[in-house]
Structure formats: structure tokens, C-alpha cells
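Given as C-alpha cells, the chain that follows is alone and in the form predicted on its own.
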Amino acid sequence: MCGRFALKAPPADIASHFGVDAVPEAAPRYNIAPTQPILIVRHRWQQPEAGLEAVHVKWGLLPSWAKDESMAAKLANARGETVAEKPAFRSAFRRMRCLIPADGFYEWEATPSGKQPWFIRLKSQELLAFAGLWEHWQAPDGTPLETATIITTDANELVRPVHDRMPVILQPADYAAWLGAQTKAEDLKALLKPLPEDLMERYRVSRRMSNARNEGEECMAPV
């Protein structure tokens, strides 16, 4: 799964990496949790020919057919193995895919003294992109809400000692295919695989970050 991640890169760096004109200003985030705002990169809704855009949405997918917001918190992640068939995700998988920028993510290892969090990132320390889905939902009173989920897959050899699942991390060369409206379903599914472990690194961080109310650079500092 992916229950927490960090995004501290400046907006200009995010815009350059993903090829968007502008990124909304936001403070660096070191401990992003489900139901909080996250940044996504997608084709402009209803104007895909106009290129990509970066927007903030709520983390936790809310299908367009949902009666209320209650189910969103349970849909922060979508399993790559079933995302194309599950009712909550299949429509978004067909037409509302996105990239979710991050500097890295957290997982917890079970130890005799309690759960030990680890921070996992690219060895290059460059920005990465989770494969994501987004949705547009409208409340009964007409209020719109946009939400997103992170797709997960089996853990690679680096992550597996800590957790058996990890987010799907897409290579930059695959961004266009993931977002492309013409990409075949079988080609999309082929992208939902673990990133090779030799591209990644992990290190222990403070248990302070296990509390979603805690923020700041110390959340992802090595201990």
C-alpha cells in the first residue's frame, strides 16, 4: 500500500519535470496522509488537446456514482492487479489517469519495539511519479469535488523486507503512455509493475512521522 508520502520539490522543479506550464503554489509537505490535498498531473479535463495541467485534489477516490463522501477514505489506494475491473476504479482507469508527483514514500516495518517507519525514494533523489487515477464527483447540492487514488503493486526486493506492497512508480519515458487516451488496456496494465530496486534506496526515519499531524523536514530525516 501507500499510506504516506512527501512532496517538497519547488513548483518550478515540478513544472519542469512534468512539462506543465505552472504548478499551484504550496508549502513543502513531508507527511501527506489520505484525505489531505495532493498534487496530480493530468490532461486538461474536457480539453485534452490543450496539454497537461497540475491541480490539487483530495487523496481518496470518490467514484462519480457515490452517494456521499464516506467511501473516499477507504480508496486511497487501488490494487494494480484488479484496478481495471473493480467498479470503484474501472471508469477512471479507462479515461481519468494521472501522475502523482512525490519525493518519496513511507512504509512501516514491524519490529519487537513497535512499527519502524522507513522513507523510500529514488537513489538519484529526483522527483518521481506514482501511477494514479482521478475522479470528478458532484454532491447532491451540486458542489464539485475532485479526488485521486494511488495504484499499488507487489513490492520489489528493496521494499519487501518492510512491506509486501508498494506504489507503482512510473519511469518518465512511460508518462505519456500512462496519460494517453489511445493507450490500449493491456499496455496500461503492463506499466503496473514494481520499479527495479536498483533505482531506489530506503532509510529509517523518526517514529514522529507516524502521527499524521506532525509535519516538517524531521519527518523524512534519517535516524
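Everything numeric in this text was worked out from a predicted model, so none of it was measured. Start at 1 with the first residue shown and count on from there.
We do not show the form predicted in complex with the DNA, though everything after this point is about it.
J.: From the candidate stretches 190-198, 62-70, 169-177, 22-30, select the single one in contact with the DNA in the predicted complex, where contact means a heavy atom within 4.5 Å.
T.: Answer to the contact question: 62-70.
J.: Three residues, 36, 115 and 212; all within 4.5 Å of the DNA in the predicted complex via heavy atoms?
T.: Looking in the predicted complex, the three residues 36, 115 and 212 all sit within 4.5 Å of the DNA (heavy atoms).
J.: Look up in the predicted complex whether residue 108 has a non-hydrogen atom within 4.5 angstroms of the DNA, and give yes or no.
T.: Although the DNA is absent here, residue 108 would touch it in the predicted complex, with heavy atoms inside 4.5 Å.
J.: Could you tell me if residue 164 has a non-hydrogen atom within 4.5 Å of the DNA in the predicted complex?
T.: Yes, residue 164 is a contact residue.
J.: With a cut-off of 4.5 Å between heavy atoms, is residue 137 one of the residues that contacts the DNA in the predicted complex?
T.: Residue 137: no, not in contact with the DNA in the predicted complex.
J.: Indicate whether residue 93 is a 4.5 Å heavy atom neighbour of the DNA in the predicted complex.
T.: Residue 93: no contact with the DNA in the predicted complex.
J.: Any residue of 66-80 with a heavy atom within 4.5 Å of the DNA in the predicted complex counts; write them all down in order.
T.: Read in sequence order, the residues that approach the DNA (within 4.5 Å, in the predicted complex) are 67, 71, 74, 75, 77, 78, 79.
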